[in-house]
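Just the one chain here, the form predicted alone, laid out as C-alpha cells.
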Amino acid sequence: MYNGKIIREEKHNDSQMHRVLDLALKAGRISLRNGAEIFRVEETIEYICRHYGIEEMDAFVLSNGIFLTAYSEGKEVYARVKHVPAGGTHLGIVAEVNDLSREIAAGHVTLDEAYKRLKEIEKMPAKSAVSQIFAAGIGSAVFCYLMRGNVYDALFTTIIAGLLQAGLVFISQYKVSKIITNILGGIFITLCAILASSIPLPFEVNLSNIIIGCIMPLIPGVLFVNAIRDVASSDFISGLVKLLDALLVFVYIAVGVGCVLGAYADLFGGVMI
C-alpha cells in the first residue's frame, strides 16, 4: 500500500508538471504568434514555470517555434517542440498574456483559472473592419501630411489607404501569399495615386506624397521593430529572420509601385513624382 501510494503521488506530480508546462507552452505560443518579442515569450514561460514549482526548465524560442524541456530530480520528464506558424499582429493579446503571467507570478491565479483565462485571451477578436479601415486612412493621411504633403494630398491618401485596408481585410480571410498581397497592394496604391494626380483639379496634388502615405498599411512596422529588439537582446537567429522578412516586404511593395510607374512612364512619356 505504501509503495502504491508513493507511485500514485509521483504520477500525480508528473501530471501536475505536465499541466504547468502545457500552460506555459500555450501562453508562449499565443504571445509569439501575435507579435511578441523573443525575450518576452521566454519570460512568460519562465514566470509560469517558476511559480508552479518546476525545478529546472529550459526554453529555446525561435521566430516560428518553441523548444521546451523540464527536469525533476535529475531525470527528464518533459520535452516538447511546438511549431508556431506566422500570424498577424494583435498586441492586445500579447499584453493580456503578459499581464496574466505576472499575476501568476504574484500568486493571484490558480492553475485552473490560468487555463480558463488563457482560453478567453486566445479568443479575443481583432479590431472591427471599420476600425481598421478608419485607422489606416487617418494614419496614412497624417503621415502624408508630415512628409510635407498638403491637405488635398492627405485627403486622397485617406480615401486610397482606406480602400487598400478594406482589400487587406478581405484578403486576410484567405491564405494568400505575402508576396502577392504586397505586390498587388503596391500596384493598387500607385494606380489610384496616378488617377488622383491626373484628374483636372483647381488645386495641386503630388503623386509621390500620396504613394508614400498610402503604403503605410503595408509596412510591417511591428515586425521590423521586434527584429531590432531581438538583435539587441542577442537573439540573433530570430532577429535576423524577422529583419529579412520585413526587408522582403519592402521589396515586394517597391516591385508593385515600380512596375506601375515604369509602365506609366513608357506609355505616357514620363511621370513627375
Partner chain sequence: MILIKVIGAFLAIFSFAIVLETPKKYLVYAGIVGAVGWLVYLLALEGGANDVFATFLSAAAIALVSHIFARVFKTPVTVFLVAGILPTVPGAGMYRIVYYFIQNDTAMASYYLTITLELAGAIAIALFLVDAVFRAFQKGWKQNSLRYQEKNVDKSSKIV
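Values in this document were obtained by computation on a predicted structure and should not be read as measured data. Numbering follows the first chain given and starts at 1.
What follows is about the form predicted together with its partner chain, which we do not show.
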| property | result |
| --- | --- |
| Within 4.5 Å of its partner chain in the predicted complex, all of 29, 79 and 117 (non-hydrogen atom) | no |
| Contact residue in the predicted complex, from 152, 71, 145, 188 (heavy atom within 4.5 Å of its partner chain) | 145 |
| Interface residue in the predicted complex among 180, 91, 86, 199, criterion: non-hydrogen atom within 4.5 angstroms of its partner chain | 91 |
| Per-stretch contact check against its partner chain in the predicted complex, the hit in 122-130, 170-178, 109-117, 152-160 (non-hydrogen atom, 4.5 angstroms) | 122-130 |
| In the predicted complex, residue 42 touching its partner chain (heavy atom, 4.5 Å) | no |
| Interface membership of residue 53, its partner chain in the predicted complex, 4.5 Å heavy atom rule | no |
| Interface membership of residue 237, its partner chain in the predicted complex, 4.5 Å heavy atom rule | no |
| Heavy atom of residue 136 within 4.5 Å of its partner chain in the predicted complex | yes |
| Residues in 158-172 with any heavy atom within 4.5 Å of its partner chain in the predicted complex | 165 |
